[in-house]
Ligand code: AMP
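To begin, one chain is listed below as structure tokens, in the form predicted on its own.
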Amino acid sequence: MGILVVGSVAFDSVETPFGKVKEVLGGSGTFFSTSASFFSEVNLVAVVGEDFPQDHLQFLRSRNVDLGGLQTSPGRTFRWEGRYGYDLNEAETLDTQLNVFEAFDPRLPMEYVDADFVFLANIDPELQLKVLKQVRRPRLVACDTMNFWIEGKRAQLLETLHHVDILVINEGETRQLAQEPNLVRAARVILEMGPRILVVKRGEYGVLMISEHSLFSAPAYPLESVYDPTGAGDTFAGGFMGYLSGTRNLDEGSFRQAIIFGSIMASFVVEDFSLDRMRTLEFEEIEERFRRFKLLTEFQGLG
């Protein structure tokens, strides 16, 4: 029945050296859902305020995202404001207004509890665990987290990690969670916490996937134009999980291809602000970039 994702839907205000936008569509659940929808049906659980416009809802529905789990609460929608310098790997947060997201209590519609594929976006680990207690027999569970939860709710996060198959975090968070400076050794420490696969997002340096018996590294797709990296990690996760859900194949080769498709989706979203590039994206463009990605990394038989 596709993918269940629990995360945020928000308004983002973003400034980069290449432009500035005010209160555009954002949020981890939004970026993930839009990306995953190119490969699979998506069921979104999130909360918005009474100020959330209908045209944003229509966009998500147009992408085959089921909004049966999207709550509308009295008040204002979650807002985030950030700024990037020429180092687009790091955002400076200027303002965060949780608004209705502060009291978010994820409750799954009955038609979502049999989800085979579950992604827990970057939210409070106590809420992530609450979601998992509502899902019956998921085939694959992945989650994201951040430095705020690693530092402030470590015990709760560790409890959640006992129940997930895949953890998707960035390089700094990997070292922080493991309390180990070496990335590969840090990954081994995290695998002992519960997940059987760790996916490390490394921004412009690509992605590293580590399991007990394998290690896979993929570069980022080289781009001429990068306007806004906001949501790139969630878009990557959406492509990664979307591909796995669409194929329903969980062997080693599928996980590696899923990493590539996740990287491709992230490479598209950064080409414009917010989700504007995703609004015009066609699946044929994804397939073409996949072919170019294969050529980018191919080396056997060329010498």
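Residue numbers here begin at 1 and follow the sequence given. Computed from a prediction, not measured in an experiment: that's the story for all the values here.
This next part talks about the form predicted in complex with adenosine monophosphate (AMP), which is not shown.
Student: Work out which of the listed stretches, 159-167, 67-75, 143-151, 126-134, brings a heavy atom within 4.5 angstroms of adenosine monophosphate (AMP) in the model of the complex.
Tutor: That would be stretch 143-151.
Student: At the 4.5 Å heavy atom threshold, is Tyr112 in contact with adenosine monophosphate (AMP) in the model of the complex?
Tutor: No - in the model of the complex, heavy atoms of Tyr112 and adenosine monophosphate (AMP) never come within 4.5 Å of each other.
Student: Indicate whether Ala232 is a 4.5 Å heavy atom neighbour of adenosine monophosphate (AMP) in the model of the complex.
Tutor: Looking in the model of the complex, residue contacts with adenosine monophosphate (AMP) include Ala232, since a heavy atom lies within 4.5 Å.
Student: At 4.5 Å between heavy atoms, is Asn122 in contact with adenosine monophosphate (AMP) in the model of the complex?
Tutor: Yes, Asn122 sits close enough to adenosine monophosphate (AMP) in the model of the complex that at least one of its heavy atoms falls within 4.5 Å.
Student: Contact with adenosine monophosphate (AMP) in the model of the complex for Thr34, defined as at least one heavy atom pair within 4.5 Å: yes or no?
Tutor: Residue-level check for Thr34: no, no contact with adenosine monophosphate (AMP).
Student: Taking adenosine monophosphate (AMP) in the model of the complex, which residues of 14-40 have any heavy atom within 4.5 Å of it?
Tutor: Going through 14-40 in order - heavy atoms within 4.5 Å of adenosine monophosphate (AMP) in the model of the complex - the hits are Gly26, Gly27, Ser28, Phe31.
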